[in-house]
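The chain that follows stands alone, in the form predicted on its own, written as structure tokens.
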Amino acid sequence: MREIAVSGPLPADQTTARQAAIRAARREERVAWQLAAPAIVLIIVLILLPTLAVFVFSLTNYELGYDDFQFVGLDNYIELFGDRTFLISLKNTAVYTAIVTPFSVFIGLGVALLIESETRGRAFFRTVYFLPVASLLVAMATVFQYLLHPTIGPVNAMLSMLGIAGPNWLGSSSTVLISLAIIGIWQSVGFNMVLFLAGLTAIPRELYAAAEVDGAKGSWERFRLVTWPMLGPTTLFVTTISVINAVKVFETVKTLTEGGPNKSSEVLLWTIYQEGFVYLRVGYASAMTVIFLAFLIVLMLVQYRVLDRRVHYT
């Protein structure tokens, strides 16, 4: 005979248990919100509100030091895309990022692999390669100004010993952006190395043993079959950080070139700085900042759409 389930009120002990579970869940939710509240407040105060203020200022003709300003709508944005200096800075920033990002990522990976394979002196080499990250960039830019000096710089002195006439690295339109990119690579490699070392440490050693059993005897085969696929998420993160840092280049340009010669090293943040704090056109500089943020967001979205599918395997 088939049993018929009869619905009815739950027993008292089950009702009490369910109510206790609901109260516990609500208590945990309140605690979670209390713990997250300081971070949420900081994000609102330090990120969201300033971003909203920049967007509002971008719709005005506000100039620093003047009380009166008017809403001009999209006039600043229309002016931007006819501004030769802004377009040059946009192009230079894209070129700089295209040079610095891949080189800093792959050199950082190579250094991390070399340190990981070394049995002695790991702490020493990690410290040496990380020093550029911990160093004061303005001071190190001054050192590079000496190294790349066209007459007394050691770089051109070594080139002359090889019979090569060294260029004016920071004073020539054809070499200044490449010189700044080399400094950017030097600065980024140590940080990327640390991230890749963390990724290498997280790879289970059993995978290498299994790969060797399957016939992967050489170092290149183990790297291609195990290391590189397992470093996928780390590589995505390192690439993202490298792109953000490259797009935000400012200190070396301010210290070494100030956008010259002939605007060959004009980058977005330097142009924004000039418009906002030299020419005092805060509204116009805010419009540039909005475009800068949009440019950065588009880069991140494209990067994640292209790379994220290749680094997650589940």
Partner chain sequence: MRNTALFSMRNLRLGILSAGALVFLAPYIWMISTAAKSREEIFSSSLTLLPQHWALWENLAKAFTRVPMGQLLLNGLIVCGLIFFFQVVIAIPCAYAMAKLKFRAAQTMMTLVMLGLLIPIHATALPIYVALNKAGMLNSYFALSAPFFISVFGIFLFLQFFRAMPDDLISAARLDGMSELAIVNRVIVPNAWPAVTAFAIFSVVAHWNDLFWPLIVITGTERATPPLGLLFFRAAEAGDDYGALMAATLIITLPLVAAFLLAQRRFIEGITLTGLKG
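Numbering follows the first chain given and starts at 1. Here the structure is a predicted model, which is why all the values come from computation and not from measurement.
Another form, the form predicted together with the partner chain, is not on view; read the next lines as being about it.
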*With the partner chain left out of view, which of I203, L195, L90, A216 would have a heavy atom within 4.5 Å of it in the model of the complex?*
L195
_Can you tell me if G276 lies within 4.5 angstroms of the partner chain in the model of the complex, counting non-hydrogen atoms only?_
yes
_So in the model of the complex, is the partner chain close enough to G73 to count as touching (4.5 Å, heavy atoms)?_
no
*According to a 4.5 angstroms non-hydrogen atom cut-off, is T16 in contact with the partner chain in the model of the complex?*
no
_the partner chain contact at T51 in the model of the complex, heavy atom, 4.5 Å_ = yes
_Counting heavy atoms only and using a 4.5 Å cut-off, do I78, I178 and W228 all touch the partner chain in the model of the complex?_
no
*One stretch from 78 to 86, 208 to 216, 94 to 102, 137 to 145 that, in the model of the complex, holds residues within 4.5 Å of the partner chain by heavy atom*: 137 to 145
*Select from 126 to 160 the residues with a non-hydrogen atom within 4.5 Å of the partner chain in the model of the complex and write them out in sequence order.*
R126, T127, V128, Y129, F130, L131, P132, V133, A134, S135, L136, V138, A139, M140, T142, V143, F144, Q145, Y146, L147, H149, T151, I152, P154, A157, M158
